[in-house]
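Alright, here's a single protein chain in two forms, structure 1 and structure 2, each given by itself as structure tokens.
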Structure 1
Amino acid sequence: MRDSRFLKFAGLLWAVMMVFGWSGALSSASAAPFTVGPKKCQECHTDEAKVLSGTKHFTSLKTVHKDKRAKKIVKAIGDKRMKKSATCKMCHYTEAQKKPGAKRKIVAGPSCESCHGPASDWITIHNDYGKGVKRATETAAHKTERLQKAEAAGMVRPSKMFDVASNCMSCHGLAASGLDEKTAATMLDNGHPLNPDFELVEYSQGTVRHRFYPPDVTANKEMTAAEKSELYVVGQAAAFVSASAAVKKSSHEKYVAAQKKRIATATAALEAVKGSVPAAGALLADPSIANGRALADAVKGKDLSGAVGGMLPSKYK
């Protein structure tokens, strides 16, 4: 465990040095991307913020720490309060920061940047049409470059649905890379939920749905059956990658059983589409992030309802 974490850290440091050179490595390490909080996003994204405020992600800030189970779980892992516990903060809260190096403060439950990535380095890039230019007059080349820059700065765009879904799976699958085996086991033994049936369509098309796309940006659009089938497959791909990694890091009975159930459900979905989408077969053979992304690209715009329509939920959370 410790070794693999060190390797990850060393890899990251190496990447930073490749980009900034030796001299910049230390200063840029302290300027790692940070979370700015949903109030910043709300300044422009009022509709999305309104949707967020109607979700359990939003309301849980005021409720979850008062739950009887919460107090028991925090104690069991050796922490005092949920809002002070680094473990709980990983998934339950958004900690915002005003500027690099400033103090982090809990400002929300899971929120915009939990799914779209910490925004300090992309918030002023992703919407910058250029001086004097408006959305309607921006050139296609400028738009491509702008969005590429935003992604390079850590933005998880809706078009990269595998990555968005992987963020959901990391929290909802109790599979966050920072969560060690022992802590996860203690959480489960003390009543922390782990729902192996968390499925992307069911959980994203109810309270969480925000799809204010042009031409009518005031309408929160429902997905078509074809779009839902595509999303279902991408969600199962992300669950497959997440659970395949998680199952290896623990020997805790309940944890392993839940991850195996996630793998079984995802396997059925991937088996159902692999005839028409070879990338699904490649992912089944090797559950890597790269193969997950490749599958998401391969199904883009495809109507897979013939293959997985029967697996889609009829109600949404």
Structure 2
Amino acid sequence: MRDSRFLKFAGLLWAVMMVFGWSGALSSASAAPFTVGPKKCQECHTDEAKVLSGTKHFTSLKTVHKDKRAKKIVKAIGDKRMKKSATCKMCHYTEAQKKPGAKRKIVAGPSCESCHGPASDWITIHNDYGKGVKRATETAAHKTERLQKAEAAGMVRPSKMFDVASNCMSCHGLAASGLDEKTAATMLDNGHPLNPDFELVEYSQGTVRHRFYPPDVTANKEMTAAEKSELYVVGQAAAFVSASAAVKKSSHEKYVAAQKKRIATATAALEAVKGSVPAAGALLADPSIANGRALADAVKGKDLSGAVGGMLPSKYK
């Protein structure tokens, strides 16, 4: 009798969980996506890997903790080593694991997944060119379907440039969601840099540029003036959303000043295009992620060089 009552109770509890969506929340929490490390990407993207190897992101794995400011900052936030600090690992390193629940290990500095999202849920989909088919012989239809499925599984593709830019801004704007006000203030007070002038075109079209697209997948293509202008606006949209949220979470004078400068720079860019792109006005009125994505979609393929060409950097990092 007791077992019968227990089974009835268990069944009722499960039904309630299903009604309120608890089972979905539990399953998603237990299967959170994780980073697999850049080696998985480099198996196919060899040219992109060569570019990465020549960047500060790549060399930082062995150098960033040697910066004369590093020990002071790490000690100030209550940690002993940079590579053991959860705060530092948010932006300065790539941690990889082989399977859900496995031990995480630092394998690189900022790398592929820092921009394109944790790959555990999408890398197999992304690498599936079809049964018996190689990358070079994949049909256009299969490629479109494959990339759409990878994106649905969490891949942040260049076609979703606002999201890529947002990933850059979260670290370069000292605005990562996991970074609390007190820790950010302590980091700044002990010499951690915060560059309010970080701008996407300047930093993405120099040493880190990796634009290997068909038909010549070996050529690292430079952007046209129109493409740079579009990227500039999307980058400023991401900066505007990032800084607008960050400025509200701190009263630290230096932090607030930097975020306000980011907002001012982005506002100028958005004001310059809002006459021809109404989505820019909507974003200025409400700096939300949804409005940022809407703006990125609205400017896709547009030549905005007449409006923001004079704002573009003259050289790249």
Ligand code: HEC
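Between two forms, the rigid core is the largest collection of C-alphas that superpose within 1.5 Å. Please read these numbers as outputs of a predicted model, since none were measured by experiment. Along the sequence of structure 1, residues get numbers from 1 upward.
Colleague: Do you think the form predicted on its own is shown as structure 1, or as structure 2?
Modeller: That would be structure 2, which is the form predicted on its own.
Colleague: Determine whether the C-alpha of Val217 shifts by 2 Å or more between structure 1 and structure 2 once the rigid core is superposed.
Modeller: The answer is no, as the C-alpha of Val217 shifts between structure 1 and structure 2 by less than 2 Å after core alignment.
Colleague: If the two forms are fitted on the core, does Lys103 show a Cα displacement reaching 2 angstroms between structure 1 and structure 2?
Modeller: No; that C-alpha moves by less than 2 Å between structure 1 and structure 2.
Colleague: Superpose the two forms on their rigid core, then report whether the C-alpha of Val133 is displaced by 2 angstroms or more between structure 1 and structure 2.
Modeller: Yes; that C-alpha moves by at least 2 Å between structure 1 and structure 2.
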